[in-house]
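First, one chain by itself in structure tokens, the form predicted on its own.
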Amino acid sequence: MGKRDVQICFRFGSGTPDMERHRSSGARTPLNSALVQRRSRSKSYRLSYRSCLGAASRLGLTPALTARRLNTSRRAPKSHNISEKVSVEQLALLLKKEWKLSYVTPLYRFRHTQMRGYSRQLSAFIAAEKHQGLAVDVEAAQGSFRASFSVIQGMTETDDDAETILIQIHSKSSFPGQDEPQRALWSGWLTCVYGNPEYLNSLPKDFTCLPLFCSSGSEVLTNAVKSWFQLTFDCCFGPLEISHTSLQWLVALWTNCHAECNIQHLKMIWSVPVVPPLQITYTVDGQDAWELWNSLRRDPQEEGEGGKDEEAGSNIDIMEVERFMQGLKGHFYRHFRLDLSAGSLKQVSTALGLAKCNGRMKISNSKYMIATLTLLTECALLKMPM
């Protein structure tokens, strides 16, 4: 037998649910559920790093990053009408598209005022790569490419964050005078949302930190863009997987938004290490998930009075996330006698977005994208070589 897939859906219903392969079963998630109680350091990067830093290493190490751990507490997501700050046209380019995530180290002598120059340089670089038979997109091999850089104003949340950069590569017709519109073959963006202030303030003025790189399109063009950035700004890229812990954070953060946005369903995919491998799709009704989450939230009044109450109520602690996950896993275990704690969370999706452990992400709702990008920015900073 090969890989097995099991889909489980919890919602309003009666009776004891049965688990069937490739089918859904029904049961309501009880509110009073009893709870059931990872880097490469390339030599080439180090040499590149030192070439612009010198022996004294002007970037250095900061206390905030040497621990190499995710925050244990973060702000509860709040609805942002981001379209008031960000162009609707630019925002539409970021939403409802699956992005491949990477981290990128600080860019040396990158300037937000040089977008036109960078557009010409990248276009010329891709043309040279194509001439050598390297950067060729199969669908547009007969045409040429035009790269464009632009600044997405309004994505920053603090004075330390650098403005987001959008990059697009369009195809140009081989036949002069043809009026057909240019097609976007590839898109990518670099961003920093609520970046670690200690680290950002430790950077020399010649370095710009945009640690999260998102790409969509031909892998060949992605590699060409990364190569140009590495040669031009002496930086380094690396894959950004979304860890089991980060996926659990997204489960909690997105569920917390249900009261305002109605996530409809919380869908999780788990991989259980048995022979043959077992993949379980576990879907929970959005309202049931939120009520379970809300029942486990810390009471702000326990934290003190005055300002502390407000601050506690606006934060989510890792212990709350773990209790929520234990509640979901405990409910699953009582019905199917299968402990998901032995497995690994591989994918999470709601109406707000989708995240996969292999570093793929889709953002579906702009009002809560800041919370998602804050977590991903933190993940990118922690993944960078030290």
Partner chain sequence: MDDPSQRLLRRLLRRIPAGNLKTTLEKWGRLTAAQWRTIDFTQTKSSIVQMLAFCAENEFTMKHITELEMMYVIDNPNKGMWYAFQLIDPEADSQSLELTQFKEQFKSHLCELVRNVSVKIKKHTDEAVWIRIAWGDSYSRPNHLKPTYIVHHLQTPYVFVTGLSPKQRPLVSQALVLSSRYHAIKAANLSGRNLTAIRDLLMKQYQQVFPTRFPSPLSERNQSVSNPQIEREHAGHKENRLQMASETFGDGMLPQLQSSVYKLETKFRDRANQTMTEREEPFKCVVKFASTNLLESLKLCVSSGIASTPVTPLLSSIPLKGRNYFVITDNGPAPSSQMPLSQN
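Numbering follows the first chain given and starts at 1. Given the structure is predicted, the values throughout are model-derived calculations rather than measurements.
Another form exists, predicted together with the partner chain; not displayed. Remarks below refer to it.
Peer 1: Can you tell me whether Leu70 touches the partner chain? I mean in the predicted bound form, with a 4.5 angstroms heavy atom cut-off.
Peer 2: So Leu70 does not count as contacting the partner chain.
Peer 1: Should Leu221 be classed as touching the partner chain in the predicted bound form when contacts are defined as heavy atoms within 4.5 Å?
Peer 2: No, Leu221 sits far enough from the partner chain in the predicted bound form that none of its heavy atoms falls within 4.5 Å.
Peer 1: Quick one: is Val88 in contact with the partner chain in the predicted bound form, heavy atoms, 4.5 Å cut-off?
Peer 2: Contact with the partner chain, no.
Peer 1: Quick check on Asp161: any heavy atom within 4.5 Å of the partner chain in the predicted bound form?
Peer 2: Because no heavy atom of Asp161 falls inside 4.5 Å of the partner chain in the predicted bound form, the answer is no.
Peer 1: Which single stretch, out of 248-256, 276-284, 150-158, 190-198, brings residue heavy atoms within 4.5 Å of the partner chain in the predicted bound form?
Peer 2: Only one stretch passes the 4.5 Å heavy-atom test: 276-284.
Peer 1: Counting non-hydrogen atoms within 4.5 angstroms of the partner chain in the predicted bound form, say which of Asn315, Ser295, Asn262, Ser83 makes the cut.
Peer 2: None of the other options qualify; the answer is Ser295.
Peer 1: Counting non-hydrogen atoms within 4.5 angstroms of the partner chain in the predicted bound form, say which of Cys357, Met361, Leu338, Ala351 makes the cut.
Peer 2: That would be Leu338.
Peer 1: Identify whether the partner chain in the predicted bound form is within 4.5 Å of every residue in the set Ala92, Trp99 and Gly217, based on non-hydrogen atoms.
Peer 2: Looking in the predicted bound form, the three residues Ala92, Trp99 and Gly217 all stay beyond 4.5 Å of the partner chain (heavy atoms).
Peer 1: Pull the contact list for 316-350: residues with a heavy atom within 4.5 Å of the partner chain in the predicted bound form, in sequence order.
Peer 2: Gly327, Leu328, His331, Phe332, Tyr333, Arg334, His335, Phe336, Arg337, Leu338, Asp339, Ala342 sit within 4.5 Å of the partner.
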